[in-house]
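What follows is one chain in structure tokens, specifically the form predicted on its own.
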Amino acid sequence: MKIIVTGGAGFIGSHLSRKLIEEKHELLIIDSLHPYYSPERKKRQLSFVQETGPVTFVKKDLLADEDELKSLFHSFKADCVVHLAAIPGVSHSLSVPNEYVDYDIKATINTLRMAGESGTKKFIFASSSSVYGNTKQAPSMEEDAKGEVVSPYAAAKFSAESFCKAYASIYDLDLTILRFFTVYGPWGRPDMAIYSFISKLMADEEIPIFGMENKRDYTYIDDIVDGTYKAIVKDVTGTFNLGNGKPVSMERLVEELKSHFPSLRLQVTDRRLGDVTSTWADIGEAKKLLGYNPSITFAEGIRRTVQWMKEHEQNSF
């Protein structure tokens, strides 16, 4: 297949791109190297992708470079577009909500239009567990997202999902929406809890905990890539949760980290504005229709992440 991955220099995008190259697909990565986190790090992630095999990378902004991108979409003629490009981060969205309207909604609309107008048949949109808002103590099923979100980031993702459905209808796109649940692992985003905590522990610093009551459905990157790849290659459409299906308490996270860093010290404060208390994916639909089956346990995922960071990020501290 000929596949465009937007945001392919990011955390999930770089891992997915490697998988696509390994499986012999023709790949075009589009990424603006947005400074939400270090563009230099994203360049390292691109090198990580390029180790696997040939790939075309184009540095373009989905908002500012629309005319050039239209030509690129029309000349490449992708069978599938995987739209990962976005500004992530709940707390950051409280400070600059209009950026999320631009990069998480408007850029998605542009990508949908360019895909549709260039004859792309399949469109995969990366959404988020945040669209469920504050859920009760039960796993979230796909139909549970009602727009009752608690952050601008979540509102942008939920809105973008609606635009995806609108443009899928306009252009007859085969649309799949994937809601990712708290992804972690090697090359993880520096602002995410697990990466941030391990970074601080490697520097012998206290780790800040914003509410010990929090629970997250932490999902290892390899499982997310596997689920996304299945969505690309299978003749299936719809909205699917990609999580581990097992929420992890903050106490359990601390316990796992302590097994690698026995001198761990905590600084516990109140939960941050915009954060949900818990996430928990019902992955029944993804299992049934995509054949998705997450296999990396939380303990194993943490072990792999700590090992990778000690080998690759030690010089940062």
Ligand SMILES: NC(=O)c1ccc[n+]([C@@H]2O[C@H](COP(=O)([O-])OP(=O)(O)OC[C@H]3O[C@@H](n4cnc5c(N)ncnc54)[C@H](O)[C@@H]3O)[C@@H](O)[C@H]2O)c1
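The first residue of the shown sequence is 1; numbering continues from there. Just so we're clear, the structure is a prediction, and the values are computed from it rather than from any experiment.
One more form of this protein exists, namely the form predicted in complex with this ligand; it is left out here, but the text below deals with it.
Answer option from Val183, Ala154, Leu112, Ile177, heavy atom within 4.5 Å of this ligand in the model of the complex: Contact residue from the list: Val183.
Single option in Ile198, Cys164, Val149, Ala107 placed near this ligand in the model of the complex, where near means a heavy atom within 4.5 Å: By the 4.5 Å criterion, the partner-contacting residue is Ala107.
Heavy atom of each of Ile12, Leu63 and Ser128 within 4.5 Å of this ligand in the model of the complex: Verified in the model of the complex; spot residues all in contact, yes.
Distance check, Leu264 to this ligand in the model of the complex, heavy atom within 4.5 Å: No - in the model of the complex, heavy atoms of Leu264 and this ligand never come within 4.5 Å of each other.
In the model of the complex, His34 touching this ligand (heavy atom, 4.5 Å): His34: contacts this ligand in the model of the complex.
This ligand contact in the model of the complex: Met202, any heavy atom under 4.5 Å: Met202 lies outside the contact set for this ligand.
Heavy atom of Val90 within 4.5 Å of this ligand in the model of the complex: No.
Stretch in contact in the model of the complex with this ligand, which is absent here, among 112-120, 227-235, 77-85, 167-175 (heavy atoms within 4.5 Å): The contacting stretch is 77-85.
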